[in-house]
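Only one chain is shown below, in structure tokens, and it's the form predicted on its own.
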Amino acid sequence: MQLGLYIDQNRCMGCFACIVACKDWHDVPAGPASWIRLKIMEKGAYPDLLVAFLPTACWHCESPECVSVCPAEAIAKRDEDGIVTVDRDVCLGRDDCGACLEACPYDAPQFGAEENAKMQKCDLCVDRWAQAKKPVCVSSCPVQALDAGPMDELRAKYGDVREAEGFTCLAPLAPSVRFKPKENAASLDLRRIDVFPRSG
């Protein structure tokens, strides 16, 4: 089984509730590390313009580059649910290594501001799944823009769209996420893109 996420870009209003809930649930201290970030894209020109939001996290790829490049074998993919986890006690740290950050095209590995910070990232709330609960980002979303579950169930419920505004699916990695992309965005020119919180 492979667990993953579903994101409806038409529902997401960029409220940051998922980010706050994630930091609170996982005790991620204030600073540059954030297991979920929000990509904000402005497109078009008045009067034809729009803003699209995209929560971004670890996509728990079916073939994660971070696992294969980690020299300490600190990153692993769980057989039972496909969640990619990191053992911070084994991680060599950003200053001494940082290979996972260079390998991940989605910037999922996160690091605190401390010297030689150890890698941290979304673990899809593995502790909550053990209690039959969905990830805290899903539970905290006030507009139900997020969902999580086995990928075959997400595909059956929402379809198999792999691209969204601000996201490119890299097929060899097979990221475990499906979308309802922002409507009416494809024909408009990208004017600005920001990601919050910004990495350190």
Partner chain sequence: MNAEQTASEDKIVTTVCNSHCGGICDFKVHVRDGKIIRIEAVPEEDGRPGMCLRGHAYRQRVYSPDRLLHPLKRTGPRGSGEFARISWDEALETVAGEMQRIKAAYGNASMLHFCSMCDPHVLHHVLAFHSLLCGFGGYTAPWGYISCEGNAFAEGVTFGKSSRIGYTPHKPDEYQEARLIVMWGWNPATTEMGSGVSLSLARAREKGARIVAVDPRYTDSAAAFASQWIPIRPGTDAAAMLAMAYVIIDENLQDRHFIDEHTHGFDKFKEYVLGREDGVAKTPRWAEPITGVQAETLADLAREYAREKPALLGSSFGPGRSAYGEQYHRMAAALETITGNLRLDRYAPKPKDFRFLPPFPFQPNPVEKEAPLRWNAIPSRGPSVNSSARVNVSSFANAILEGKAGGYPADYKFLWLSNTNYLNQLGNINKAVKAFKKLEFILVTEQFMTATAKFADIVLPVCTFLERCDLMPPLNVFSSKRRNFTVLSKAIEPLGESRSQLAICQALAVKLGISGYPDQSDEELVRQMVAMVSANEKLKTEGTPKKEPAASTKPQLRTPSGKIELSSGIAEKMNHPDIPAVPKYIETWESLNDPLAAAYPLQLISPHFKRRAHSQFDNLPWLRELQPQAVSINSRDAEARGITEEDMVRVFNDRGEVRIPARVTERIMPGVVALPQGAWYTPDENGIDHGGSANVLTRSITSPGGALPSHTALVQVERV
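Numbering follows the first chain given and starts at 1. These numbers come from a predicted model, not from an experiment.
Keep in mind that the form predicted in complex with its partner chain is missing from the display, and what follows is about it.
Its partner chain is not shown here, and in the predicted complex it never comes within 4.5 Å of any heavy atom of residue 177. Its partner chain in the predicted complex is approached by residue 20, whose closest heavy atom lies within 4.5 angstroms of it. Among residues of the shown chain, residue 190 is not one whose heavy atoms approach its partner chain to within 4.5 Å in the predicted complex. Residue 56 falls outside the set of residues with a heavy atom inside 4.5 Å of its partner chain in the predicted complex. Partner contacts here mean any heavy atom within 4.5 Å of its partner chain in the predicted complex, and among 27-35, 148-156, 62-70, 161-169 they occur only in 27-35. Shown without its partner, the chain has no residue in segment 83-107 with a non-hydrogen atom within 4.5 angstroms of its partner chain in the predicted complex.
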